[in-house]
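Take a look at this single chain, the form predicted on its own, given in structure tokens.
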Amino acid sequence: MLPMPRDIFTEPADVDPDTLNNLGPLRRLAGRWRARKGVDVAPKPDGPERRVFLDTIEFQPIDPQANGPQLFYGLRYNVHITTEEEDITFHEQVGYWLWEPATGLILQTVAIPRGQVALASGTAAADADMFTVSAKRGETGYGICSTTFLEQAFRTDSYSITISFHADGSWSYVTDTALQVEGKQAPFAHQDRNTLHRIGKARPNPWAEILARRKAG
């Protein structure tokens, strides 16, 4: 992390509008992806339940984002998961993956429609083949916030996701979440994993699209 600048208001003046060219290690996530045979292990009254799921994930570039002098390039993402038994939604998740070129900071925002959000962080080189971001309950910087029910019944103490890129163009993820289930002494180690293959390309971010149209016209 860079030291806090004295001027916290002035935004960068030389911003490249093309997000796809400035995503660092996130560049290989851009586009639409699908996978079969993901594995979910979740807590149930009679013990851990293992289910196979189907993943569809889309990452689309957003315009560069500035916090004063801090500059992020990013992807808006949507995760939609079903199971082999049912076509209805098994899991839904939206958010952003962000990359700060000046520091190598990677952020993932997580929003789940059961009343839970998180901001996870990590660092990586621009050409990294693997990276991890994580968040902890109680942290005000990179933390986890849940509804009162989830805090009492299925408290999330930590979250991490590791993404690995493969030579064939596919990529894999492993998520690890520590859950404190009501009535249980030890935390439950909840894990999901899958490998995804591209089914569609990413669109340029809006600013880049506008400039491309002007140039073509």
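Note that the coordinates shown come from a computational prediction; the quantities given were computed from them, not determined experimentally. Residue numbers here begin at 1 and follow the sequence given.
There is also a form predicted together with protoporphyrin IX containing FE (HEM); it is not shown, and the following applies to it.
Within 4.5 Å of protoporphyrin IX containing FE (HEM) in the predicted bound form, a heavy atom is found for every one of Leu150, Phe154 and Leu179.
Among residues of the shown chain, Pro43 is one whose heavy atoms approach protoporphyrin IX containing FE (HEM) to within 4.5 Å in the predicted bound form.
The closest heavy atom approach of Tyr142 to protoporphyrin IX containing FE (HEM) in the predicted bound form falls outside 4.5 Å. With a 4.5 Å cutoff on heavy atoms, Ile112 counts as touching protoporphyrin IX containing FE (HEM) in the predicted bound form. The closest non-hydrogen atom of His190 lies within 4.5 Å of protoporphyrin IX containing FE (HEM) in the predicted bound form.
Contact annotation: protoporphyrin IX containing FE (HEM) lies within 4.5 Å of heavy atoms from the stretch 35 to 43 in the predicted bound form, the single such stretch among 60 to 68, 22 to 30, 162 to 170, 35 to 43. In the predicted bound form, protoporphyrin IX containing FE (HEM) lies within 4.5 angstroms of a heavy atom of only one residue of 72 to 88, namely Ile81.
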